[in-house]
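Two forms, one chain: they're shown below as structure tokens, one block per form, named structure 1 and structure 2.
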Structure 1
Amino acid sequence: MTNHIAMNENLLGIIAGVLTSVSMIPQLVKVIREKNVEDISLLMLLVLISGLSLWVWYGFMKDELPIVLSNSFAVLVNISLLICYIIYNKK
């Protein structure tokens, strides 16, 4: 593999990661703004956080920075949703 191809793959991964990361923001903003978590499934949030964490691990094992970064960001967003769930579900 040449450096040229490797750079293109990383660039592709970074663009893909930015797009999938950006698409997650509105849900978090909506939940924080409306303080409403009734549409969120706790079970699915836990399954998602587990899956994303395994993707981060996979990215480390494969030494692929785009996978590590985008899935770490997704873990942070979904842990924030989990915290919102715990805070707002009590009401």
Structure 2
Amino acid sequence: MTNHIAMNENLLGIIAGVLTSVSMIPQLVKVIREKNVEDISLLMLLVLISGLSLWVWYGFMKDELPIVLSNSFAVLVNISLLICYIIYNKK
């Protein structure tokens, strides 16, 4: 029974990591297509990238590859969004 619970916890963690990691991809695609970042909050992006980076660090400290991989991917997606923000910001 314990192995079954551990497998369910791992599956839950993997699903959560995948969903979290891909959550900003639609926003990134929209920004790239429209070249418009008016509705993007720079502060939100900076806080999110910081938090995700801390999750990566935590994953390394705990030797948890799913945490490291999912959050590293999310950091890359959000850094891409930040780069678009810098390029397309008209202010």
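Residue numbering: structure 1 sequence, from 1. As the structure is a prediction and not an experimental result, all values here were calculated from the model. Rigid core (definition): largest C-alpha set, two forms, superposition within 1.5 Å.
- Only structure 2 is derived from the form predicted on its own.
- Core-based alignment between structures 1 and 2 gives a C-alpha movement of 2.9 Å at Ile14.
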